[in-house]
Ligand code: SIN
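Here we start with a single chain on its own, the form predicted on its own, put down as structure tokens.
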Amino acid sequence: MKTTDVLIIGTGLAGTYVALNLPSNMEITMLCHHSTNSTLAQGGIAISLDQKDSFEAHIEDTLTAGRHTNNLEAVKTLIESAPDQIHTLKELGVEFDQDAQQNIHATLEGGHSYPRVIHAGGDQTGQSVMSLLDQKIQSAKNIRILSGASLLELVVDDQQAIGIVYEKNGIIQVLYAKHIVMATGGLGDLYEHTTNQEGSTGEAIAIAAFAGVKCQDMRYIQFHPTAYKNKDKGYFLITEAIRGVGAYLLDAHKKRFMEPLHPLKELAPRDIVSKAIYDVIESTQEPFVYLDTRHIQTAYLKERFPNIYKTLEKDNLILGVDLIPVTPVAHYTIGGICTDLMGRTNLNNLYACGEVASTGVHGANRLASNSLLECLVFGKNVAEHIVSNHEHTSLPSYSMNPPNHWKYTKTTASQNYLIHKAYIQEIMTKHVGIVRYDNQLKLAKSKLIRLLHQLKKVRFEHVDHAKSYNLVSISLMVVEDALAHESLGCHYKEKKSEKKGLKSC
């Protein structure tokens, strides 16, 4: 029987930070299936450092973005714990960008009333932080990485999570653990157009739900307002920190359109900007709007946003010179596995943190650059709770029989999975986007249910059948939650659509 003290599913910032805050005498196993989104984070980490700023102002901005539906205790925990976690990152060796006075430089982003987003490597904060923390993980003798492994099922005994079933190299295996941490990120890859890495499909949420884990606010999918479509690749995020230094949004007629819509103009909360761009795209029938940086010095933009500058330059677009075509795309999962402030779920010994979790900290819409901070604060809380309860936690003493319903047969399942995924992405993009209609959501539900019934018969016959089943299940969770509730943020819901077809961003 294979066992480990702590099993962390996911190797992004949340899971990595949990591991690094656990003592070296604990045996830790980290399961990794796909690349993490943490490395893609451009903007930075929101924290109140300046004397002119305050925790109270940051809290109020977070509540305003979340439409005051946030868990206030979670918001206070997030923001008031920030200085300690930034101090820890600095001790670990993270070097944040500095201003001329050698202070940590903070910039302005959408929804913030004060420049408080600190960054590293210009527009490569996620990469800068993760590359250093990954080195710490690789050098830790008590941490083992299971790469290329697919989570299939949680093993539960008497309301206690005791292990997982996973597949690696075509072999179904079981691993038992005293503590299990879900840190698998969000579900943006369920959409055709997304800033997320391939594989970010929310499977862990569906697998947790199958095991009886409570989930909440699944309808809230945040769309980032400004993504650039590479000529030969997918969508590339253009951080709103560029708007924070003065960039404008222009319609097809080269006119600013945010000025009459919100006092913060281009720096309004993300859902407001995304909806405005969606409306412009619908009215002009152009597939994008423009990001205008022509009034900002190119040399400054090149130094401040080196990664964006290089990426655009490959397509012969120069910041400060050219208009940049941008469009909203699926970005961040607000809802997820329901947890308390220590990351605990309703199953004993099962935790969740980061984007996969839902503490209620974001309410109905996440404030820019609160996401990396969320990984740090609640990742640390999870680690602390594991440490305080480790001596009192044990696996069942009797012999445990692993689930035997999983089979692995050589079929054309991999090709079928890609077909299923593309079909689901089409449904989610067309019917469950920025603007949603009851009749379109009901149509999406009926399509997904038909596919779910087809997959039920073959779910356990092949790993890729199971993956298809998970994708349909998590999509249904989003659709059904959207049908059951009115929208307060992230997306906009109308009762009916008179349009025969909806144009998607």
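Just so it is clear, the structure is predicted and the values come from calculations on it, not from any experiment. Residue indices: 1-based, along the sequence shown.
Although it is not shown, the form predicted together with this ligand is what the next lines describe.
Relative to this ligand in the model of the complex, residues S48, A82 and H105 are all farther than 4.5 Å at every heavy atom. The contact residue chosen from S369, N365, T345, S358 relative to this ligand in the model of the complex is S369, the criterion being a non-hydrogen atom within 4.5 angstroms.
For the options D271, E109, E266, D189, the one in contact with this ligand in the model of the complex, meaning a heavy atom within 4.5 Å, is E109. Stretch-level contact check against this ligand in the model of the complex with heavy atoms at 4.5 Å: of 253-261, 287-295, 238-246, 319-327, the positive one is 238-246. At the 4.5 Å threshold, heavy atoms of G43 reach this ligand in the model of the complex.
Although the partner is absent from this view, H224 contacts this ligand in the model of the complex, with a non-hydrogen atom inside 4.5 angstroms. In the model of the complex, H431 stays away from this ligand, with no heavy atom inside 4.5 Å. In the model of the complex, at least one heavy atom of H331 sits within 4.5 Å of a heavy atom of this ligand. Taking this ligand as positioned in the model of the complex, none of the residues of 189-221 brings a heavy atom within 4.5 Å of it.
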